[in-house]
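This document opens with one chain alone, in C-alpha cells, the form predicted on its own.
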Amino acid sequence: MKKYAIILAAGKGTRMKTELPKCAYPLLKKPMIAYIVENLYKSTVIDELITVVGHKKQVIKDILNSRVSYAYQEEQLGTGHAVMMCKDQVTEPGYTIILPGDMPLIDELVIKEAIVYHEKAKNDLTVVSTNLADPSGYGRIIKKNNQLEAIIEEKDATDKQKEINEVNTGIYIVDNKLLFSSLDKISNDNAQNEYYLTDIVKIIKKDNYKISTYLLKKSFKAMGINDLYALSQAESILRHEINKKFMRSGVAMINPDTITIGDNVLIEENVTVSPNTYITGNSVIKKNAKVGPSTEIHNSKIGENVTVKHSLIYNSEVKANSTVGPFAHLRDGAVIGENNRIGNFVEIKKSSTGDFFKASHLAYVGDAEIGNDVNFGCGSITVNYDGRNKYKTQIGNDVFVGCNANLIAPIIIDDNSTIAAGSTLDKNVPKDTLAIARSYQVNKENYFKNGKRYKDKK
C-alpha cells in the first residue's frame, strides 16, 4: 500500500496583492509551501509527494526543486480539477492525503494523527474538520445523525447552513482508486462554475463507502492564508509557538513579543536573545551566546560565548568567543575566527579571519583571507573591485594595518608586517616589513598672514 500526498499550489492568490504565487509568499522568511512539504517529510508516513502547480509554476519549482514531483493545472477550474491532474502519477493501491499549499501551520503531528485516525477507522474517506467561532468563508460540514453527509461551500450554502460552526479545513485522506473514480463524476454546476473537490463526499456517501470527519481541536493550525492580514496572524501564532519552545528548553528571551525565530533555527541552552532580534533560515546559535538587541541573523552559525548586538549577519559564521557590533555587517560567506573583535560600522564580505583579529571600527574587508593576530585600523579597507572584477587580498599572521590604509587587490601582505597609517598599497609586502606609501608632509609657514585663514569680508 502506497501513501501519497497531493499539495494544491496552482492558484494565483489575488487577494495577497503580490506578483508571487500565493503559496510562495514568505512566512518568517520561508515560503508557505515549504512548511507543508517539510512537515509531510517530518511525519514519515508519506511515500511520495506531488505538488499541483499552475500560475507562475517555475517559482514554486525553484523553491521545492526535486523534493517533490509535479502535476500541472494550466487552467484553474477548481480544486477537484487540480487533483485530477495527478491521476497519471497516483498509480498504486493505497491512499492519498490532500492539503492546500497555503496552510503553513499544519504540522507533522496533525498529519500523523489524521492518518492514524483514518487507518484505525478503516475509512475510505476522512475529511479533516474543525470548529470556528466565525466560520465565514469556509465550507460547512453537513451531518445527519452525526454522520457526514456533504460539504457545502459558503457561496452555495443556505442561511441555515451558514450557521454551522464545523467547517472543512480542505484536508482529505482518501482511497486512491475511489478518489479518481469519484472525481470523474463531479460537475461544475455551482455558483463558481468550478469542479469542487468537496463534491466527492456526496458521491462516495451515495455508494455506501465508509466516511467520517477527523476533528482538529486546535483550529488555528488550519488557518488558510488568503491576504496579508491573515499572514500577519499566522506569523504571530508561529512566532509565539517557536519562542515558547525555545524558552522552555533554556533560551532566555527579553521581551519575546519583539523576537522572531524561524522554525528551522537551532538554539542551544543558556543563550540570551534581546529585543527586536530576528533569527531565520537554517541558523544555529551555540550555547552561552548573546544575540541582540536589534540584530538580524539569517542562515548563519554563531559560536559559543559570542556576543552580537545591533548587527546584520547573513550566510556567515562567527566562531567562539568573538564579539560583533554594534552596527557591523557580515555577509556572503564571511567566516570570523575565534576571539575576534568586529566593531562598529565594520563590513566583512566573502572573507575569512584567523583568531584574535580586530577591526574595531569603520573598516571594510572584502574577498580576503586574513591570518591570526591581525589588527585593522580605523578606516582601512581592502580595495577588491576595479569596476569589472573582484580580486583577493591575503594577509598573514601578526600583521598591523594602520588607520586609513588602502590595500589594492590582488595583494599579499606577509607575516609580521606593518602598514603605515594613510598608505595606499598596490604591491606585495614581504615578511617582517614596514610598508609606507604616502607623500611627504610639506609645511608652508606664514601662508596665512595675521593668523587668519580668510580675509575679513567688507
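We number the residues from 1 along the sequence you see. Just so it is clear, the structure is predicted and the values come from calculations on it, not from any experiment.
Another form exists, predicted together with a small molecule; not displayed. Remarks below refer to it.
- In the model of the complex, none of the heavy atoms of R438 sits within 4.5 Å of a heavy atom of the small molecule.
- Residue contact with the small molecule in the model of the complex: G366 places no heavy atom within 4.5 Å of it.
- Heavy atoms of M103 reach within 4.5 Å of the small molecule in the model of the complex, making it an interface residue.
- Proximity of G292 to the small molecule in the model of the complex: non-hydrogen atoms within 4.5 Å are absent; the residue sits far from the partner.
- Contact with the small molecule in the model of the complex, defined as a heavy atom within 4.5 Å, holds for exactly one of Q73, T213, N243, N384, namely Q73.
- Interface residue among T198, N123, N375, T260 relative to the small molecule in the model of the complex, by the heavy atom within 4.5 Å criterion: T198.
- Between 201-209, 353-361, 319-327, 221-229, the stretch whose residues reach within 4.5 angstroms of the small molecule in the model of the complex through a non-hydrogen atom is 221-229.
- Site residues A5, S129 and L148 are none of them in contact with the small molecule in the model of the complex, judged by any heavy atom within 4.5 Å.
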